[in-house]
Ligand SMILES: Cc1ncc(COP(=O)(O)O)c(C=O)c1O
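Next up: just one chain, as structure tokens, the form predicted alone.
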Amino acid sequence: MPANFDQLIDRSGTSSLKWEKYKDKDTLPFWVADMDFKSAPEIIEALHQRIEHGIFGYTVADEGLEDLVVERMNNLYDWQIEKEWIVWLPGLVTALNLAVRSVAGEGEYVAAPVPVYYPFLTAPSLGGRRMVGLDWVLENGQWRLDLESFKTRLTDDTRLLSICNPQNPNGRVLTRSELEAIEAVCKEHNIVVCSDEVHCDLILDRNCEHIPYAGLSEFTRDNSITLMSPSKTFNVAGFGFAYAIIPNDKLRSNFQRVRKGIVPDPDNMLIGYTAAKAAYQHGEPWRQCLLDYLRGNHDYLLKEINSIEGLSMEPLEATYLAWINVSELGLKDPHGFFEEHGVGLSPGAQFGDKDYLRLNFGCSRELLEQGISRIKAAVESLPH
């Protein structure tokens, strides 16, 4: 049965984080990165079968899932990996924090691009490490990383660079030349890269391709931690399932050592294993339908946002998360302003830039149109 992404699904009463935030308010939620679409029917069927078995004890990933991950990396991204490199985890944020603590010592520096998904900004300080920023700059309608400025900030004890590719929140997909430029800096300064690639299956721009950082060269293979999950692509974030791919034995051993006694062992992810295997085995047709729908939503949103005076948005290359510039409105609290007008967005300050808001368009077109209507009305209510 073909996916119906136009279907409006009532998520009230389901303990949805996204919708519970505005439970008693007339506010539409476009904030957290959680789509309003039913997951692929093959995933739902696999979960039904597993639940009907009735026994939910400690579980290991079967070799079939490991083989599927290996095949997926090769088929989609021309990246050859080994099963032994895979480390199962209960989430990407957990993995990001483990990477920080397993590579950099206390008081040493971790670098991250800014703006970026906010756990990148908090992970260093939570682990007793310090942070140095790598700026995103907008030039001729294109976001790029300012590596020249970054090199002047690097310290001798910068151990890790955490990148997000595709980028959350600006939607960039780093090109091979950009990744090679990052590699050159890291090679010169002996820096390991933790690459969060959770949005890699959500490329909207057909002229872009996802290139895993670890697949560039022997250096990147041996000095990298790659983080992935089916959570964003197949809308199964509530299952707490992810994995790291760490080719270097020493890095992988340190990563595993740091998790001991703090992060649960991967024997309690029964539902996540089940969903991931079904997604990777049978979910590709659904994913392609999803991408087509998201591209339509993106093009609609891009046109509408840029037609509203005081708002602007650059085309996204990936993700379902729009990055909207609201600086021309001159608002002291843009997030609060739009909330008051019935639109719940993510504040840009959370990601490192208060002049922006992030909007999740992983929803039905009808809901997105309602949101745009409210955004227009909110802006029109401002004094001219």
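Computed from a prediction, not measured in an experiment: that's the story for all the values here. All residue numbers are counted from 1 along the displayed sequence.
Same protein, other form: the form predicted together with the ligand, not shown, and the subject of what follows.
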Non-hydrogen atom within 4.5 angstroms of the ligand in the predicted complex for each of Ala33, Leu92 and Val198: yes
One stretch from 270-278, 102-110, 198-206, 77-85 that, in the predicted complex, holds residues within 4.5 Å of the ligand by heavy atom: 198-206
Non-hydrogen atom contact Cys164 with the ligand in the predicted complex at 4.5 angstroms: yes
The ligand contact at Phe234 in the predicted complex, heavy atom, 4.5 Å: no
Contact flag, Tyr117 vs the ligand in the predicted complex, heavy atom cut 4.5 Å: yes
Contact of Asn168 with the ligand in the predicted complex (heavy atom, 4.5 Å): yes
